[in-house]
Structures are given as C-alpha cells and as structure tokens.
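A lone chain, given as structure tokens: the form predicted alone.
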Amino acid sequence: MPQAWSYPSTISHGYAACATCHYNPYGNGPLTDYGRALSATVMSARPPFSRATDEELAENSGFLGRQDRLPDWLRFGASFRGMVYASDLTRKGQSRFIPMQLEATAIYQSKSRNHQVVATMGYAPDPATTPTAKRSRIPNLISREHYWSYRASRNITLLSGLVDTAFGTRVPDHIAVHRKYTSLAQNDQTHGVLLYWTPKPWQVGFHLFLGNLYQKSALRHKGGSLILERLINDRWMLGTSLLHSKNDYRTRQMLAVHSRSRHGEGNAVLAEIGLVRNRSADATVSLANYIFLQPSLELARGLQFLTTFEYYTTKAFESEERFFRVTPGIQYFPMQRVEFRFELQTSRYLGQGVVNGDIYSLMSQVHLWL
C-alpha cells in the first residue's frame, strides 16, 4: 500500500523481501515505483469495465496517475483507512466508526536513488479512554515516520530517523497479538539508526533506537533489536528476532521466531511465536507468550480469504488466564487504490476459574490511497 502497511503475504507471489517494493526495507510506509506497479497488477483485480493491459495499469499506478508526471526525484502519497466495528454481537454490543489511518507522504530521492528522504504526517484521533478535559492537550497531527535512507552498496542500506522498530512480522492489523502486546503497534515508532544487510540467502537487520523523542524522556524505550532471516528456498523465509529496551518504568526483552511461506501461486502462511519479558521498576517480572498464525488463500486475482488464529497469555508456561481469537475474513482489492476487508472475530478467555462464552465482533474496513 502506498502510504500503508506492508503485506508479508506477497511471498505468495514470489516476493520474499519487503525492500523489493518499499522504501523501508522492513515494509510499512510508502511504496517505490516498482511496488506501486506490483500493487496495480499482481495484488489488485482488473478495474471493472477496463480493457487496460497490465503494462498500462503499471504505468498509471503513480500518484494521481502516470508515474512520469512527477520528476524522478519527487514522489507523493496519501492514504485513508476507516473501519466500522460492531463489538460483542451476542450481547449489548455497540457499533462505531474508527478512523484508523489518514496520512500524507512526501519523498525526495537522489538521481542515483542511493539517497532518499521520506516524511509522513498523519492524523491520530484521541484515544477512546482519554478524559474529555484532557483531549485538547493531545496532538492529533503527528509524524508517522521521517527518515534518511542511504544505500551504501548493493547489499547494505542505512536508515536514520523515526521508523517502526525492526522486529518480527509486520501486518496491517495493529491489534494483532504480536503487535499489541509487544508495544509495536500503530503509534509505537522510535528514533534510531537501522542497518539492513542482505548477504544471500540472509536478510539481517540491526536497529539501535532512542525511543520516540516526541515523548517525555521517562517514557522513551532505549535499546536495540536484531532480525535474522534466511530464505530456505523460493517458497519459505524463516527468521528470528531479538529485542532489549528500557525506560524509567520497565525493562523489556523479547524473542520471536517467525515464518513466511508460499503454498501454490497466491497462497501463503504467516506465523510468529514469541516471548515478552517485562521487569518493572519494583523488580516485578512477567513472562508473556503469544502465537500468531495467518493462512491466506487466493480465490481470484485481488481476492483473498484470510483466517487469523491468535493466542496470548500474560504468564507463559503457567495455568493462568489465556486469550484465544479466531478471525476469518475476506480481503478484496477491486482495483488499485481501493481495498475492502470484512472479518468476523471470535474471542474467548480461558483459565483457572475463568470460562466465558465466545465474543463475536464484526469488522468492515475500507482503504483508499493515492
């Protein structure tokens, strides 16, 4: 997605590296010209009533039309994502509209394409839990990311600035267990330096960060992360991620093993299992465990059937309360720049003395971009 989250399931079409399509080698953020062309052809259905060839669709995948309408050194993007969320359908749930994403991006790139400057501004709505009296103090216009990228060689790229922390598998769903409970969700970017190295068949990322400098100093998580991934064959990418960070309130250590695999043309399975260890300032230690599994099946070009399986517990290896969630859904790109998602979410909590019924929620999303 230009101005959007990455789709790791593109490995189903033979694209194992996010750097093929994104300026950020770990996905998210704006697409390169090649990535836009790919989204217009491989990822999206043919526009209704259009006789355009794939070559013509690719040529017209740029901002507001043809890619050559802008000079090579300048690129723009914009994106909107909204969701209607109907919670707890079997009880007294409620339906509400959530503006998930409203962003604009500008990109400068040198003639050699070795230097790039990327800046994305976005609208962040007030959190629902924020008291009304305090909402005026929270800035709604924020920098989603801004960084300088330098391609030192064919295999080495250096990023410096505000980006998402390099860890695990990125998916658009910021409430997924491997994003929410690792504090790597939609608004958890950090300032730092990221080194991306690709000695075949490996992909290596080393990220040193200082936390989000727009936050108060006591809240900033300072530390580092490491991603090691290996392309086992043209159908399977296997990797592991490590992270250590701390602020004035807690020390965080995380370990994850993740996999992206292709099963026939257009079909993929994403998987991640991880541990999250938190040590608070009063020396209280917790060890959480999560599992994320998402197979996707291509029904037709631009149309995917997804089923997401999730598990989370705050006390790994103990008989405590556990959270399970299964989310089948449809993802549809009727044409480039348009995405629809419809998902039925089923959740349940289990544990000693805790057995609740299934909680059903319905989510429908629309995503528009330029």
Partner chain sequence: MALRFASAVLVFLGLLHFAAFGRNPDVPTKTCRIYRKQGNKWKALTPKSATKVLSQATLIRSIRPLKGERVTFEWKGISLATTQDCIKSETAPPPAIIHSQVQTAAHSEPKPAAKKSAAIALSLFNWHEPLSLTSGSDTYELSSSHFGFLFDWGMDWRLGHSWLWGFRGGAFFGMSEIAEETGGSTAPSLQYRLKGATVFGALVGPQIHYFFGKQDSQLGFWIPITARFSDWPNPTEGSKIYAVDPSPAVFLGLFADVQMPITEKSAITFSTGFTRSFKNLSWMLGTKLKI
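On a predicted model such as this, the values are computed, not experimentally measured, just so you know. Numbering follows the first chain given and starts at 1.
The protein also exists as the form predicted together with the partner chain; that form is not presented, and the subsequent description refers to it.
Although the partner is absent from the chain shown here, A17, T53 and K200 each have a heavy atom within 4.5 Å of the partner chain in the predicted complex. With the partner omitted here, the residue from L195, A104, L293, M100 that has a non-hydrogen atom within 4.5 angstroms of the partner chain in the predicted complex is L293. With the partner omitted here, the residue from T41, N28, T313, Q331 that has a non-hydrogen atom within 4.5 angstroms of the partner chain in the predicted complex is T41. Heavy atoms within 4.5 Å of the partner chain in the predicted complex are found in exactly one of 178-186, 262-270, 281-289, 247-255, that being 262-270. At the 4.5 Å threshold, heavy atoms of E343 stay clear of the partner chain in the predicted complex, well away from it. Shown alone here, R96 lies farther than 4.5 Å from the partner chain in the predicted complex, counting heavy atoms only. In the predicted complex, the partner chain lies farther than 4.5 Å from every heavy atom of A86. At a distance threshold of 4.5 angstroms between non-hydrogen atoms, Q109 is in contact with the partner chain in the predicted complex. Interface residues of 18-37, taken as those with a heavy atom within 4.5 Å of the partner chain in the predicted complex (partner not displayed): A19, T20, T32, Y34, A37, in sequence order.
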